[in-house]
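Below, in structure tokens: the form predicted on its own, a single chain.
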Amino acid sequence: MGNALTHYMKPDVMPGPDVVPTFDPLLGFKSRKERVMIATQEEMESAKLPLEFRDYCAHLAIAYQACRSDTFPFVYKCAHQKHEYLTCEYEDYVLRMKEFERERRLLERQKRLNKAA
């Protein structure tokens, strides 16, 4: 079922796209590593990195952009940096989808427990 349709049919258990997680990030985990940005705001600004690329993979985007500008007509030489960047983007996407699903399941669990009580 589509995300928009499910959000319409079950708005109480379907988190929105811009909702901050409501549950403890350590709920169900003994320990969990917090994600940190490697590239700083100054580095991203000095590299003139567009806003859509300023995420947890920004340090790899900066390296890829620098490689492309250094080896310009032969950009195929930057295939390794491109692969690293795209892999990081994919892993970030998977992690965000897992967090979304975790939030949805915890909302359903909370609704089920409230109904039973």
Partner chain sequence: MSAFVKTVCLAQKLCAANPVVARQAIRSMAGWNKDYKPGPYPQTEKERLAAAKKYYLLPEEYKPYADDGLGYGDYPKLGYGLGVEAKDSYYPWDYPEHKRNQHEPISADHDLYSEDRWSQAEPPRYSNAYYFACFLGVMSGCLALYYWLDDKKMYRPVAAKQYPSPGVKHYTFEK
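As the structure is a prediction and not an experimental result, all values here were calculated from the model. Whichever C-alpha set is largest while still superposing within 1.5 Å between the two forms counts as the rigid core. Residue numbers count along the first chain shown, from 1.
Another form exists, predicted together with its partner chain; not displayed. Remarks below refer to it.
Within this chain, K98 lines the site of its partner chain in the predicted complex, having a heavy atom no more than 4.5 Å away. In the predicted complex, no heavy atom of K48 sits within 4.5 Å of its partner chain. Using a 4.5 angstroms threshold between heavy atoms, R54 counts as touching its partner chain in the predicted complex. Contact annotation: F72 falls outside 4.5 Å of its partner chain in the predicted complex, judged by heavy atom distances. Interface residues of 9-41, taken as those with a heavy atom within 4.5 Å of its partner chain in the predicted complex (partner not displayed): M14, P15, G16, P17, D18, V19, V20, P25, L26, F29, S31, R32, K33, E34, R35, M37, in sequence order. V19 is among the residues whose C-alpha shifts by 2 Å or more between the shown form and the other one once the rigid core is aligned.
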